[in-house]
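Below sits a lone chain in structure tokens, taken as the form predicted alone.
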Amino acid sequence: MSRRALSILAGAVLALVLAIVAVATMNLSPSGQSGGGSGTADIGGAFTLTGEDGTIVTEADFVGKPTAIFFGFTFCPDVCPTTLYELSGLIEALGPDADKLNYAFVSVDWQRDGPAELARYTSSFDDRIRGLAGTEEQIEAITKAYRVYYKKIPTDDGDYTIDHTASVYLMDGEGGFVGTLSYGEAHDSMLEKLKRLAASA
């Protein structure tokens, strides 16, 4: 192979390596985790929902504070009450720093969970957790934006339950995704994540 051909080949290989590095860098947050608030993970976005008091709530209402947001439903037999109970404990453990964060519970059960139902449900947990309801179209929009899985499952008694994503999403003060609290994750691990999130406020 001629020296010119070798030079061209070497240049092509270098360009390929630089492209791979660039793509890998775009898919890492500043902390080195997959995803992140710097446009690296397409999770989150605009939404319009209804709060427990009947007022319209949008993503703009959460800007300025980092947010922990969870998707579930009030008829959930185990994952939702367990998660909200644990989140309430974490809020208490944060002490004064807890007020540096927003906390939201979005119901994916648009047929049964309205503002009144959510208000009754969230009253069993920390009062800083805001219940948010929506129409079918609104819930479809926000779950698509947050890449939340949910699926209605018929039950033997003619009713239904809902399978859904069990993680709590952590968003920065500008609405960028920074990580999750996983279902069943150790308390200390979740608390440390929330402390870092509060410190970023």
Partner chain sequence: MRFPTYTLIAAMLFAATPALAGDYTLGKLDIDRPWTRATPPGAKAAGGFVTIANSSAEDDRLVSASAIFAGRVELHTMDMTDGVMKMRHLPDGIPVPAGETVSLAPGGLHVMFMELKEPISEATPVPVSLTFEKAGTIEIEMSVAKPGAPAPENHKHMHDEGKN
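Small disclaimer: the values here were computed from a predicted structure and weren't measured. Residue numbers count along the first chain shown, from 1.
Another form, the form predicted together with its partner chain, is not on view; read the next lines as being about it.
Student: At 4.5 Å by heavy atoms, is each residue in Tyr85, Ser124 and Asp157 next to its partner chain in the predicted complex?
Tutor: Every listed residue reaches its partner chain in the predicted complex, so yes.
Student: Is Thr161 one of the residues lying within 4.5 Å of its partner chain in the predicted complex, judged by heavy atom distances?
Tutor: Yes.
Student: Given that the partner is absent here, does Phe73 sit within 4.5 Å of its partner chain in the predicted complex, heavy atoms only?
Tutor: Taking the distances in the predicted complex, the answer for Phe73 is yes, it comes within 4.5 Å of its partner chain.
Student: Find out whether any non-hydrogen atom of Asp78 is located within 4.5 angstroms of its partner chain in the predicted complex, and reply yes or no.
Tutor: Contact with its partner chain, yes.
Student: State yes or no: in the predicted complex, is some non-hydrogen atom of Gln138 no more than 4.5 angstroms from a non-hydrogen atom of its partner chain?
Tutor: Flag for Gln138 set to no.
Student: Going by heavy atoms within 4.5 Å, which of 42 to 50, 56 to 64, 130 to 138, 162 to 170 lines up against its partner chain in the predicted complex?
Tutor: Going by heavy atoms within 4.5 Å, the stretch is 162 to 170.
Student: For the stretch 172 to 187, which residues lie within 4.5 Å of its partner chain in the predicted complex by non-hydrogen atom distance?
Tutor: Result: Tyr183 alone.
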